[in-house]
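So this first bit is one chain, no partners, the form predicted on its own, shown in structure tokens.
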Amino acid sequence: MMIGMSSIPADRLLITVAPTGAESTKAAVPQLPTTLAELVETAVACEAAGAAMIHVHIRDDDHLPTLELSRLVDTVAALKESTSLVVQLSTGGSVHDPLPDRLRVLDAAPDSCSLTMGTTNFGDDVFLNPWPFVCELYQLSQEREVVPEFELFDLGQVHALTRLLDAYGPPYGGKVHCDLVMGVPGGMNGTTDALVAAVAALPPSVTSWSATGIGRSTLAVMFAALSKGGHLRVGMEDVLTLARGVPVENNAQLVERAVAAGRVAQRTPMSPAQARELLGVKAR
């Protein structure tokens, strides 16, 4: 379930950075990159630190989550101009975004998009992903030649991935990459046991997978993923402290920590070019 037949050395580690998210406010977390200039500065620093892909949520002029298409287009263009990172747009937006707006994210022509495989209780809210919407978004990603990253919040969504691939065939690019999102209140636990169960249930067609530990589960999930040969997603979308009482100052710190953990596991950060090969990303 790692890399399969490719020119990428087996010890390479894909590090994805998720720098902003839709949950934290700028007022509570001033260091959160919410403007386009801040996001580009973050992306440049994270690429230098060892990230190969960026998972992007954007904000409006009031620092609130938005899916405004013109801003998404400008964001993709600015990130491609300033970095070599694989640019992955979130189709989740915030839990309040309407489904049609989330489909229009692909109009911004990212390299990759997130594709969540089911509805999840998300703290006190509901992250809505009805099955017809999942199928429509998947088929749209195939049509637009955008590589999906399947976001899996629980074991039911792992099973749903098998169902989707059986119904509609492989994604654009022929690779199947998924991310285990662990530790969300309402999703699967951010534990080694949960990760092992999820990985064991992945369909055989999966060619690579990463894991994300939310909040306090960050390190447990990181070490478990490395021990199972998986990749990592880190960033201020998912965690805001380095340790108890020690706030994250910038996203590059979290990338650097992932690089250091990978080094202990004898894994070397993957380049953006290698990430494109791993994921089957289209040259744009």
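From a predicted model like this one, the values you see are computed outputs, not experimental measurements. All residue numbers are counted from 1 along the displayed sequence.
Below, we refer to the form predicted in complex with a small molecule, which is not included among the displayed structures.
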**Message:** The chain here is shown without the small molecule. Which stretch in 83 to 91, 168 to 176, 68 to 76, 201 to 209 comes within 4.5 angstroms of it in the predicted bound form, by heavy atom distance?
**Reply:** 83 to 91
**Asked** Using 4.5 Å between non-hydrogen atoms, is V95 touching the small molecule in the predicted bound form?
**Response** yes
**Asked** Could you tell me if H55 has a non-hydrogen atom within 4.5 Å of the small molecule in the predicted bound form?
**Response** yes
**Item:** Proximity of A22 to the small molecule in the predicted bound form, heavy atoms at 4.5 Å
**Value:** yes
**Asked** Taking 4.5 angstroms as the cut-off for heavy atoms, does F127 touch the small molecule in the predicted bound form?
**Response** yes
